[in-house]
Structure formats: C-alpha cells, structure tokens
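Just the one chain here, the form predicted alone, laid out as structure tokens.
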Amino acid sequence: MAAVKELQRDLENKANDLNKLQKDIAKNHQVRKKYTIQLGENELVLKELDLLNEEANVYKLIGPVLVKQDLAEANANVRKRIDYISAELKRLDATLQDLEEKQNSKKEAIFKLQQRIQALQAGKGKA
C-alpha cells in the first residue's frame, strides 16, 4: 500500500512538471509569434526602402518626433534588426525542440508509472 502511495506521489510530481513544460511551450509559441510578426514587418520596411532613390528623405520616429535619417543608415538599421530577429527565432526554435523532447520523455515516464501503479493495484486486488 505504501509503495502505491509513493508511486502516486511520484506520478503527481511528474504531472506537475509536465504541466509546467506545457506552459513553457505555450509561452515560447507566443514569443515566437511576436517575433515572426516583427520579422514580416521589418522585411516589408526593407522592401519599401529598396524602392526609394538615393535622394529620398527617410524619417525615423523617435518618441513624438520624426527625425531625418540617411537612407543607407536606415537600410543598415533594418537589416540589423532582421538579423537579430532571425537569430532570436532560431534560438526559440532550439528551445522549443528541447522543451518538446523533455515533454515527450515526461509523458513516457508518466505512462510507465501509471502502468506500474495499475499492475500493483491489480496484484493487490487478486490477493
């Protein structure tokens, strides 16, 4: 009887860990979605900047003020932002893959634990 209670406690702990992993995965998806949207917006800005001629005026919004900015500088800033966002997306993908692997191993461990508990309870039921 004590063995079953111990296994059930272990099962509860593993289930809590699994729940935490699932929350982390959902959080990762939210952040990834935000970065994906930002990447799309920045790529659109880059396309627009590529359409401009060299003499075009480019302005950057800093607080409530529009400040004139050099076209080459604006282009460089947007490219740096795209590089940064792409790197963050790669990092998030790696983190997500790691979390999903942990989630799968937790699910397996929980399944095996449930089988052990059922086997012990079935054995006690026969006795």
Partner chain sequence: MAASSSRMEIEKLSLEQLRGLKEQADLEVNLFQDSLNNIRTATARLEIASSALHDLSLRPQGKKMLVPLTASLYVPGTLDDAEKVLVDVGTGYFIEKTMVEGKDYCERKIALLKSNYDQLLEVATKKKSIADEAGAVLQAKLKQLSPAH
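Residue numbers count along the first chain shown, from 1. On a predicted model such as this, the values are computed, not experimentally measured, just so you know.
Just so you know, the form predicted in complex with the partner chain exists too; it's not on screen, but the next bit is about it.
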Option touching the partner chain, based on a heavy atom within 4.5 Å in the predicted complex, out of A94, A87, L44, V31: L44
Contact of E100 with the partner chain in the predicted complex (heavy atom, 4.5 Å): no
Exercise: Q69 in contact with the partner chain in the predicted complex, heavy atom 4.5 Å: yes
Exercise: K27 in contact with the partner chain in the predicted complex, heavy atom 4.5 Å: no
The partner chain contact at K80 in the predicted complex, heavy atom, 4.5 Å: no
Residues E108, F111 and A119 all lining the partner chain in the predicted complex, heavy atom within 4.5 Å: no
Partner contacts in the predicted complex for 57-76 (non-hydrogen atom within 4.5 angstroms of the partner chain): N57, V58, Y59, K60, L61, L66, Q69, A74
